[in-house]
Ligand code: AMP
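Just the one chain here, the form predicted alone, laid out as structure tokens.
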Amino acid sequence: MLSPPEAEAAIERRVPAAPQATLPLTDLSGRLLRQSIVAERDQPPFNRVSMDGVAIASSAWDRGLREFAIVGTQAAGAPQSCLPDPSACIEIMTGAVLPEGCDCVIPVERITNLGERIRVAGDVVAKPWMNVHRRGSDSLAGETLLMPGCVLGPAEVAIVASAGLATAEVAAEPRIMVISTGDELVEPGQPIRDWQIRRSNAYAVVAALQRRGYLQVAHDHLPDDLEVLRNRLRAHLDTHDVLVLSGGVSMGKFDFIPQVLAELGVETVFHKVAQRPGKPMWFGVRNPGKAVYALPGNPVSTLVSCIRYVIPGLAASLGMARTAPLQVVLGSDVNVPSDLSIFMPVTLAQDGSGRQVATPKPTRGSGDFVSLTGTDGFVELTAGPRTAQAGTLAPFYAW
């Protein structure tokens, strides 16, 4: 069996790339860029004034001049004006182009208005390009500003707009179908018999995906019936980019999922991971562009496998660089009794030195989802048998 890191790496190697989409500026936030963004012009595109005041020629200042005649006003957004006389000044606004003949801006707070003249405060030290954002000092025309793979936040969206682009090519949000399987499952709100259980796994998976910004998520419930599974899974593969199944992947008589997926042309990348809980975890792909994650059906197994594999797999499909998990410190010893990696639920708290300390909160088994209440996520402890001692660093995965 693969170890959890090996399983994650196998998913990253084989997961199909998400399709591209062209979106307007207002829809770019949080998206992954799939094109280069090149500067349309020098930035700033002119010598830009960075505060309100008066524009002067520093050569006049060097000659000892401290009073200047006001000969005009340069507003932001207006064409460049010209200083006709070095002994004069032009009133100027933040964001305006620096007038021709000027190379210095005295802030309005440092001048006294004398009507048609201004006087500069005696302690001002004027010099060339003071309070001027010089042309091309941020970037030059044709310079690459953003590379493919960049996650677009507010600053990046502003850069796209500054390059003159009304739209950008980004990774399209994947269409995800979350599927529960099993005759024993009953929808919340419906009558239930003593031998049945509530359908909850799908809602946990949907919540985990939505929490991370995936909104095109639908869900379905399929019985343990070969013909129904064939027909419905075929339809979902035709209409969605990613399938996330829960249940039906172990060794039981009615665990039909691997068989049906193979019949539908889904290639098995791996089946079973050396982990507890969630050992029967399955992953496969189908061309063109389909990824299938079949998670074990016990609730804790489903949720930890979703966080550990589905979430990184989706990020890889979008082209995001893999990020290392947060390293936390175990707050107490944990027994790792077998040759399987252990996913241990924990709560996090900061100690006096600023370290994140993980307090283990073991469940009573992979069906005990109630024990997850109040936990922050889980740590991954490598296979034993061994004791992971308090103070040991371990990777942490948030719910």
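Counting begins at 1, following the sequence as shown. Keep in mind the model is a prediction, meaning the values are calculated, not measured.
This protein has a second form, the form predicted in complex with ligand AMP, left out of what is shown; the following refers to that one.
This chain is displayed without ligand AMP, yet in the predicted bound form the stretch 298-306 from 322-330, 298-306, 229-237, 113-121 comes within 4.5 Å of it by heavy atoms. Using a 4.5 Å cutoff between non-hydrogen atoms, S250 counts as a contact of ligand AMP in the predicted bound form. In the predicted bound form, ligand AMP lies farther than 4.5 Å from every heavy atom of A315.
Within 4.5 Å of any heavy atom of ligand AMP in the predicted bound form lies no heavy atom of L152. Using a 4.5 angstroms threshold between heavy atoms, A202 counts as touching ligand AMP in the predicted bound form. This chain lacks the partner; the member of E156, D103, D241, D255 within 4.5 angstroms of ligand AMP in the predicted bound form by a non-hydrogen atom is D255. The contact with ligand AMP in the predicted bound form, taken as any heavy atom within 4.5 Å, belongs to L185 out of I311, V260, A274, L185.
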